[in-house]
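Here we start with a single chain on its own, the form predicted on its own, put down as structure tokens.
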């Protein structure tokens, strides 16, 4: 028996080099084994150098499959891959034979790994802690397979501005705001318990639970019980399921409350008044906010807290158009009040522009998001949603009558120009919109917030400030 010793449980490079050496040495699959660490030899095992021999040409699909299968927790995963590699020498198209037992086994393990990565994205719950550097977030998670390195970059993209750590029994991923590093595995005791937001999150989860749409088996398929012990909302699930039938009957039996009828009437009036098909133009900015609450031009209103209208003077020479409300804007009902808004305020100040004299709005008026744990993660509006909101933008443009419109980001640029835009190619150059209005394209402040590295972030902010200075000069 020939043995290749691997450095760790997910040592794909070690397996690849070892498998090449085994094949070149003519070692049959039944005579080869792969062991992790230095002391994983059997009584009759002969160590084999994992270096040497010519490269073996295999389809890219096999390499991609092998990188997934290596993350599976089964002990024989390396042996399965070597067996496939050996057989592919005689049959290069083997991976296209889905009925083959080895191929089907490998594909199923790869699907399990992909599913484990997806569950990690869905069920990691961060808890707030304080350290010497200030606010940070820590999560404890127990993945079904070894997917930490595969999945951690997702959290870097989603939570670039947070400092966070994800602790698992296999490996710990740590992001300090600039660099992602990995540390040894941890234990559950190393993670914090409840934080101050747990009760708010449980209250939110209970409030959005719809007993009339409950499908317990489907829910448990998407949220397996093995993850419940790490989810703060899980303590509510048994009681919510048990009460679902009674609550559904109560909902059916209860008449609509008077307050809900009043709300429905208030919503219906502005919805009719603001219909573009009736050709009505709003007479004043004061009509904008109540009219917007009745907007049904796309489906974003269904999940947003409210429509967020623009803010600013009745007449303003400068109009700033962002993408859409974020989480904080959706709750507050005001544009640019979150982290991107604070950065925009600083950039305006550096450019010598008083925000109070500008009209600030968004291309899309409702928050589009994807719920992930306690957070609502931003999703970019699509072309249909941007087009559905164009009527509102045109109303604001007609009422405010700006000289210069600054479009912050690609979504805003598409709304302002009415076409897809290559932002970095067209930014910084005035564009005549007709009617005495000039457009200027720039970077959205959130792009600067997501930019890694302080030097690069400062460069992006400087570009934004420069565009705002040009807008101020165009206003005169």
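Positions refer to the first chain, counted from 1. Only a predicted model underlies this, so the values are computations on that prediction, with no experimental measurement involved.
One more form of this protein, predicted in complex with ligand URA, exists but is not displayed; see below.
Contact between residue 143 and ligand URA in the predicted bound form is not found at the 4.5 Å heavy atom cutoff. Remark: residue 326 counts among the residues lining ligand URA in the predicted bound form, judged by a heavy atom distance of 4.5 Å or less. In the predicted bound form, none of the heavy atoms of residue 392 sits within 4.5 Å of a heavy atom of ligand URA.
Looking at residue 319, you'd find every heavy atom of it more than 4.5 angstroms from ligand URA in the predicted bound form. This chain is displayed alone, yet in the predicted bound form one of 340, 71, 84, 300 has a heavy atom within 4.5 Å of ligand URA; that residue is 340.
The listed set 359, 336, 175, 78 contains one residue whose heavy atoms approach ligand URA in the predicted bound form to within 4.5 Å, identified as 336. Contact with ligand URA, judged by heavy atoms within 4.5 Å in the predicted bound form, is confined among 162 to 170, 88 to 96, 328 to 336, 146 to 154 to 328 to 336.
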